[in-house]
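Presented as structure tokens, the chain that follows is alone, the form predicted on its own.
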Amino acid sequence: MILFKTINELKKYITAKRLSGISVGFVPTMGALHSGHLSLLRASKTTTELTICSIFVNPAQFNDPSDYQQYPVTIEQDIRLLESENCDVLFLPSVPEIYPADFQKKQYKLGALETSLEGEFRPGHFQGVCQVVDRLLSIVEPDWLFLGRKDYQQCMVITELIRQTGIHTRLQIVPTMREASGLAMSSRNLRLTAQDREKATAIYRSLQWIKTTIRPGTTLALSEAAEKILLEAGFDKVDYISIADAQSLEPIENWDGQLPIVALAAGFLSGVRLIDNISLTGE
């Protein structure tokens, strides 16, 4: 694996490789890698001939400064994991490399995606996500971008970013990786104690309960009952449990039994914010 810290050196390398006509896969991360990230790398290795992973904790997407400061950094372990998966390139830029003094921020038109669910509780978050992904895609210019389904709304936001910018990159969304308990793998799980990790499984159980219980008709009582499951399990606060249109994320108050829908949840446990989602009408 080759490590690059500067944009110029990375772009020179990619340009030289592209002369042979190879396809490029890109996995952007914020580090603290786990099996979920590795599943993205494997998808890229299967689909493309050159896999590039980036590790960059993006300050622009944190609306809570303390969350940014506490975000886990495990770079030495991350490098070992990337090497074990035969990742071809690691891009490890500094903040000034991505956001130099003359960097011009853009404003992205995301509509309701920016103000609902994660957007409502993390104002400015998706503008920051688009800012860094737009920047990284302009640097790497990959044929394929690989993201995890755990960040369902983020995947929808990046889909819209690609559409708006006309970037010639295709997005592949990889299924959520879970621990044996059902807990969705997340870098933030590193901040949970063993006892908290057991409590955290309630977020998946609550979503599974909705899936097994939902019938055509009103859905409000299901969301309220699922929230109660989280609070009784020890969650400090629940930001939302939403049953929504799988395409628009518009909340569904009355389901016709046919529309593809998803259940999404976000809550705090011992000060750590966890999110998860499952399809209610698919796999």
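Remember, it's a predicted structure, so these values are computed and weren't measured experimentally. Sequential numbering from 1, following the sequence displayed.
Another form, the form predicted in complex with a small molecule, is not on view; read the next lines as being about it.
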Give a yes or no for residue 154: in the predicted bound form, does one of its heavy atoms lie within 4.5 Å of a heavy atom belonging to the small molecule?
-> yes
Residue 203: heavy atom within 4.5 Å of the small molecule in the predicted bound form?
-> no
Would residue 48 count as a contact of the small molecule in the predicted bound form, using a 4.5 angstroms cut-off between non-hydrogen atoms?
-> no
Check whether residue 43 has any heavy atom within 4.5 Å of a heavy atom of the small molecule in the predicted bound form, and answer yes or no.
-> no
Where, among 21 to 29, 258 to 266, 271 to 279, 5 to 13, do residues come within 4.5 Å of the small molecule in the predicted bound form by heavy atom distance?
-> 21 to 29
Option touching the small molecule, based on a heavy atom within 4.5 Å in the predicted bound form, out of 133, 82, 117, 184 | 133
Heavy atom within 4.5 Å of the small molecule in the predicted bound form - residue from 147, 98, 177, 110 = 147
